[in-house]
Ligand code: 1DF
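Read the single chain below, which is given as structure tokens and is the form predicted alone.
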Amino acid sequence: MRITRPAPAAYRRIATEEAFAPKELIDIYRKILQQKTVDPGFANLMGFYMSSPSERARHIMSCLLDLDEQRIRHMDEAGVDMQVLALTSPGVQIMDRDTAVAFAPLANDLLAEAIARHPTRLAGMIAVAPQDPAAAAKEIERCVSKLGLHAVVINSHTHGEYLSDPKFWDIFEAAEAHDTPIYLHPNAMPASMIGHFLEAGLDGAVYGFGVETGLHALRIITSGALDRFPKLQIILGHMGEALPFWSYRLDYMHAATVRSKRYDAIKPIGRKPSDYLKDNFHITCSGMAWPQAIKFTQDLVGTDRVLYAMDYPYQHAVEEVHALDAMDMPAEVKRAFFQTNAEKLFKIAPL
């Protein structure tokens, strides 16, 4: 079926969770995949895309590597005015510490060069190496002050460790200080979680990504990190990895667990979990072009905290743009969803 190009709209369509991968990153991934012991999630995710002859895998790899003609053409065909780019998962977080710390600045410099070539079409997020939180904090400062990047991407866990651990909180401190939101993006599950998901084929974007990233976000909330860094802003894709739809039960059962003193890890925090969702999180619809879910989430967290995303190239569906253009929604709310919320959050200059 031939899909027609979306018509010009009364708003810019800014897609806020779009992936790229420079050749240098793929070269490092190939070396990792040749090691005797390879993380099973990474092998099943990037190992598949980098080796499969399937049409989907070849399309994704081609699109990840291209930051110029093909990407811009696909954006034009989908009616997308701007992409906010992030180094594809797992980014540098699958690497050893020294390699990750060295490669993150290179990836950010390459991204900044692409943005300079296409300043009205591309924006981007800072890749950092959580393996060295102090170095990550310095890279945030460098990229904000020197490269003009104003958000950070963290591809969920780093070798099975989560940002809820205070040893990573130099990253939160730097992000809060520089007013750079953190996009908490999915990663393949760590080896300690992935077994039953792999055997059922449910480890990736179909289900496992949301489970693992939702867990990560909840760990941050329940750790008290957002009481320590109250101005920190976190972005979740895929309609908040389902957390908005669990918010009532999360509030009830968190309070019940605190009262029961069942777990040392669950201590009182300043507010209800849903309050943090409303005050410290922004939600994108990446991979979830579902008007009912979008409207529910707007009702929960506010129309100023829900943004458009496509999830290119992993989910590149022009018909979804048509569906979201057609949402029954006040014009000013739809413009915020597609354009102005992203401009404010990522500090994108209006045209």
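Note that the structure is a prediction, hence the values are computed from the model and not measured. One rule holds for the numbers: they count along the sequence shown, beginning at 1.
The next section is about a form of this same protein that is not shown, the form predicted together with the named molecule.
Note on the partner interface in the predicted bound form: the residue among H216, H254, H238, H150 having a heavy atom within 4.5 angstroms of the named molecule is H238. Among A112, L198, A205, A191, the residue placing a heavy atom within 4.5 Å of the named molecule in the predicted bound form is A205.
Contact annotation: the named molecule lies within 4.5 Å of heavy atoms from the stretch 310 to 318 in the predicted bound form, the single such stretch among 310 to 318, 66 to 74, 33 to 41, 288 to 296. For the three marked residues, E17, R56 and F209, a heavy atom of each sits within 4.5 Å of the named molecule in the predicted bound form. Using a 4.5 Å cutoff between non-hydrogen atoms, L45 counts as a contact of the named molecule in the predicted bound form. The closest non-hydrogen atom of H157 lies beyond 4.5 Å of the named molecule in the predicted bound form. Using a 4.5 angstroms threshold between heavy atoms, T88 counts as touching the named molecule in the predicted bound form.
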